[in-house]
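One protein chain, two forms: both are listed below as structure tokens, the first as structure 1 and the second as structure 2.
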Structure 1
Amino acid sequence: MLKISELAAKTGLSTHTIRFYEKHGLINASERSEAGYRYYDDVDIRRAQFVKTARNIGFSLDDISQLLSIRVDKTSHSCQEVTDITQYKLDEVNARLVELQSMQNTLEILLESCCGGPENATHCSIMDALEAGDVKSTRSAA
């Protein structure tokens, strides 16, 4: 059995992150001492590593929760369910890449239009474009 600090060291997750995942039901301590210390066994370690891996490749907490449900009872779920979750995540990533590419192109255009000299920014083309709202991007203003 490991304490939370030992689980953190073993998985590379911070204790704060482990508590956050516990709060969201993704990880649970197998036992608690009378003093309230969390103790984790090998099953908990593997679950924490699963969560970390899934999170590192971009799955949301909801995605991970679904994947954990499938992981616990694989015989009641299909590969198609896992594929659907993964495909949805890939579609999100691809959409974000398109958005980032558009942002990159816009920033490059802005930089090409500016002399970048030492003079004051009174007639800076980047500032003018930003102030005029004359900047194209797929990202909407927050």
Structure 2
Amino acid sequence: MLKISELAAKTGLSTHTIRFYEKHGLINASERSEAGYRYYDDVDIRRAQFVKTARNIGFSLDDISQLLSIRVDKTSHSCQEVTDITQYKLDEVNARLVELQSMQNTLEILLESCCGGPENATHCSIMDALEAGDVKSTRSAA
């Protein structure tokens, strides 16, 4: 049985974050001392580590909620449900990648066009490009 700071040390989550996750139903302490101290058993610890791992991959807390409800009763859930969540996340990531690559491209072109020197910016081609608006839009949803 670990106390909260020990679970924090073990998982790399802060105690604040652990309590925050508890409030959101992601993890919990199956025991409490008389004084109200949280105590985590092996099952709790594995669940906390699962959350941390999923979080590291980039799943949102909502995604993780769904994964956890599959996890507690795997026989009632299908592989397809798991891949759906994962595929949806991948789609999000890919969409964001497209945006960022477009930003990267635009910024690189801007940087190439400007001398970057110490003279004043009256002739600056980056400023000119921003002024002219002839740059492609890279944002749809941040």
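For clarity, a rigid core is taken as the largest C-alpha set superposing within 1.5 Å between two forms. Counting starts at 1 and follows the sequence of structure 1. Since this is a predicted model, take the numbers as computed values, not measurements.
> Of the two forms I pasted, which one is the form predicted together with another copy of the chain: 1 or 2?
Structure 2, which is the form predicted together with another copy of the chain, differs in this respect from structure 1.
> Superpose on the rigid core and then read off how far the CA of Glu131 has moved between structure 1 and structure 2, in Å.
Once the two forms are fitted on their core, the shift reads 4.9 Å.
> Once the two forms are fitted on their rigid core, how many angstrom does the CA of Thr122 move between structure 1 and structure 2?
With the cores aligned, its C-alpha sits 3.7 Å away.
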